[in-house]
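One chain is shown next in structure tokens, namely the form predicted on its own.
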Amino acid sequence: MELSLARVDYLQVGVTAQKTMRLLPASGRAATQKVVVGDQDGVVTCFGMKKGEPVPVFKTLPGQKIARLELGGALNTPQEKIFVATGSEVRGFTKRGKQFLSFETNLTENIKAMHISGADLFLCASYIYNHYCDCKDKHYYLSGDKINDVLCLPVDKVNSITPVLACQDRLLRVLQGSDLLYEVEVPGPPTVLALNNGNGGDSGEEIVYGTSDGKLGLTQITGSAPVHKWEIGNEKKRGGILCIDSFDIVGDGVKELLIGRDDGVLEIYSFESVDEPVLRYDYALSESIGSVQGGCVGKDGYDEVLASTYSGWLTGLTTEPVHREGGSGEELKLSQEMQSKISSLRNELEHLQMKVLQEREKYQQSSQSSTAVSSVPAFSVNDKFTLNKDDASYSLILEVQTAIDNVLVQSDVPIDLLDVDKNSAVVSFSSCDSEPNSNFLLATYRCQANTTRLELKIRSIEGQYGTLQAYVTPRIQPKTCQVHQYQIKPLSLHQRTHSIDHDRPMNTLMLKGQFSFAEIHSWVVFCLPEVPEKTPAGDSVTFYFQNTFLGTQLESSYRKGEGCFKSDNISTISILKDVLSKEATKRKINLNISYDINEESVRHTLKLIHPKLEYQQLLAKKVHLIDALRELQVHEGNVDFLLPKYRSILEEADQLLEEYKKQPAHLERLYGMITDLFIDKFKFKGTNVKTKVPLLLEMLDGCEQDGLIAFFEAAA
């Protein structure tokens, strides 16, 4: 059966955060449900639908921004009490809007995640987890990395309190009291957790997770070890997952999985006789979806999927047919209903236009008076700067609560801007003089009329570090701009991983000196992405990394007064040596640096680079032939006389051009990496081989792997 859903926009509140909208339980079977939503103005709004119009039930006064909204109540009773986390406080409201709880926690940071189960309250700040029972502190845990979400398995099913933390370092941490029971590795940084089927499945132990790189999975949290059930990759390169719900929208008795993503795509997955869910339906909204719920909102008897978006729109996808079937009387009734709705909307629009004109005149008068005070209109920007493992590029996503006019991107390090399919903005580059202002990139993205979300892709060069700045100007008066800064780190293409291959030939860098554990940790944070800013608990720590571009690896172990870094790529060790000694010099700390270089690692790294080099050289050659072959085709009328390899280039011309366009400067990148490897190999031997670089570049074109290795070894 084909799923047919119609879009309905209900109303708009303020800017909303992730997981801040819920549907209250229905009063009767197939009856409509009330919607409750919290926004970043601190307002909790509850409304229901009557005759197709939203009718407010209650609305609280503004306050601190609401980070989470959950429903609670006694176990095995309707969960209709509303709890909101704001700052370090949790407030409770009845379904009528009466406040019955104001609980000021002992958290020094703002609450980021919350879960409620009966009298148990689970709260998380950035790194701290707290469990309260009847508002009394019960358990505490300090996480090794940032906590994105928290969940507890249903107590009535598993007969114990089992909290699960979704942490930024690609781990689910399962707790028992204040202790870590075990860790579960997941394929990306988990951003959201939900109980499978809304109740944890038959065992109550099944958890669905969504990751910031768009992957979805189900794992069973047993008492001793996790059991991975299924995992769905992100083949379509869609956005990260922000919210998950289970609801039977098809009406076949089996709940579907509802997914909301940060690129505005809403997906419905169904379980069709197989264990792994299948994508059944998707719909694209223009901004990120922070909360998704299945229920009955607009009309009795018609189920729908309700989503709340970043700018506060509450949008439903309903099963109610747009065109009702029936006699002419029914159609006449519908048209009269529609006409009255249209006329009321027209009146409202005229009223708003009048109000805007009056306010604009008032502003003009006040701005020209002698006592005028300049005021900058505030606007909210939701930004995300993340490394993509698949193509070794960074995604910069900027989302504004109002339409974007333009975004100026400036960088003081050399970076490449890559094409993004979803991006409809017009980009123009300004020439920049890199010497006096250290400007390597100046680009302006001019957006279309109603663009509120812009996605950019960049690729950096390892060893070159600095700052990327985005100047965001929305379409509001008076003109105003916000600047957002993002650090390009020295080893920017490295991503955290949980294990590495210890059999590879490794180069070692050893540091010794009068530095504290916190100081060397701050240097590692400066050098590498995805390292928690908070100094880890304990006396020492080991982190593993993988280079997303080449697949080389890095092991970083350090403690007070001592650091050890191992990598199968000499260039990685060289970058670390330069940056760490520079950081130590800034703090006037003497470092004793020693290194052990494995000659075999150069051969190993070249073997990793060469297939990529060969592929890119072949792609470049094919692309350069396309124009000449097309000219031949036009001139001769057919291409039967061509060799099969040339015919296949013509057949695949569009795909080849598309791929080449998506990867500008890819070949130059690889040439640069081989050159760096050559220079770094001999630098550690105390030899300067920069004069031999032109010879190396000359032989790279069409060079065999063995020939390249021989050149490296002969240059000694």
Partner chain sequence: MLVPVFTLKLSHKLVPRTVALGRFDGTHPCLAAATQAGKVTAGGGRQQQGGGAGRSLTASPILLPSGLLNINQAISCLSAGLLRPQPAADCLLVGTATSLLAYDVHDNSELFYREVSDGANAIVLGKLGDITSPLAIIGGNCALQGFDYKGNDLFWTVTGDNVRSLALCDFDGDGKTELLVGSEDFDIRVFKEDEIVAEMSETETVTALSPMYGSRFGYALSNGTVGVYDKTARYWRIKSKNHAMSIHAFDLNSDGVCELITGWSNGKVDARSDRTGEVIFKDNFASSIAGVVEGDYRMDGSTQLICCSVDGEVRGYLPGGEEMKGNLMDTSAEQDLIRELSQKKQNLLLELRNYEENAKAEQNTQLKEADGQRGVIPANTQLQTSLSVNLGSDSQSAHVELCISTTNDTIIRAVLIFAEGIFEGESHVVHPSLQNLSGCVRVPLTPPKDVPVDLHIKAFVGYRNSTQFHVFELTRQLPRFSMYALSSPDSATEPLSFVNCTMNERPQRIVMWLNQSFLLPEDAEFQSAPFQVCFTSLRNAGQLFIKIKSGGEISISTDDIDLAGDIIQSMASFLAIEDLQVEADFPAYFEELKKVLVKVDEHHSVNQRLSADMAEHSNLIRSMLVQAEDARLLGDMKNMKTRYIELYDLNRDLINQYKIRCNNHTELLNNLKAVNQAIQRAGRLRGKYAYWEGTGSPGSH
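Positions refer to the first chain, counted from 1. The shown structure was predicted, so the numbers you read here are calculated from the model rather than taken from an experiment. For the two forms, the rigid core is made up of the largest set of C-alpha atoms that agree within 1.5 Å on superposition.
The same protein also exists as the form predicted together with the partner chain; that form is not shown, yet it is the one meant from here on.
Interface residue among 438, 99, 499, 106, judged by heavy atoms within 4.5 Å of the partner chain in the predicted complex: 438.
Contact annotation: of the candidates 179, 348, 272, 600, the single residue with a non-hydrogen atom within 4.5 angstroms of the partner chain in the predicted complex is 348. Partner proximity in the predicted complex, defined as non-hydrogen atoms within 4.5 angstroms of the partner chain, places exactly one of 382-390, 623-631, 131-139, 89-97 at the interface: 623-631. In the predicted complex, at least one heavy atom of residue 481 sits within 4.5 Å of a heavy atom of the partner chain. Interface residue remark: residue 709 is not counted as part of the site for the partner chain in the predicted complex, having no heavy atom within 4.5 Å.
The partner chain in the predicted complex is not approached by residue 646, whose heavy atoms all lie more than 4.5 angstroms from it. Residue contact check for residue 410: one or more of its heavy atoms lie within 4.5 Å of the partner chain in the predicted complex. Of the residues in 68-85, none comes within 4.5 Å of the partner chain in the predicted complex through any heavy atom. For residue 94, the Cα coordinates differ by under 2 angstroms between this form and the one not shown after the core has been superposed.
Taking 2 Å as the criterion, residue 624 counts as shifted between this form and the one not shown: its C-alpha moves by at least this amount when the rigid core is aligned. In this overlay on the rigid core, residue 236 has a C-alpha that sits less than 2 Å away from its partner position between this form and the one not shown.
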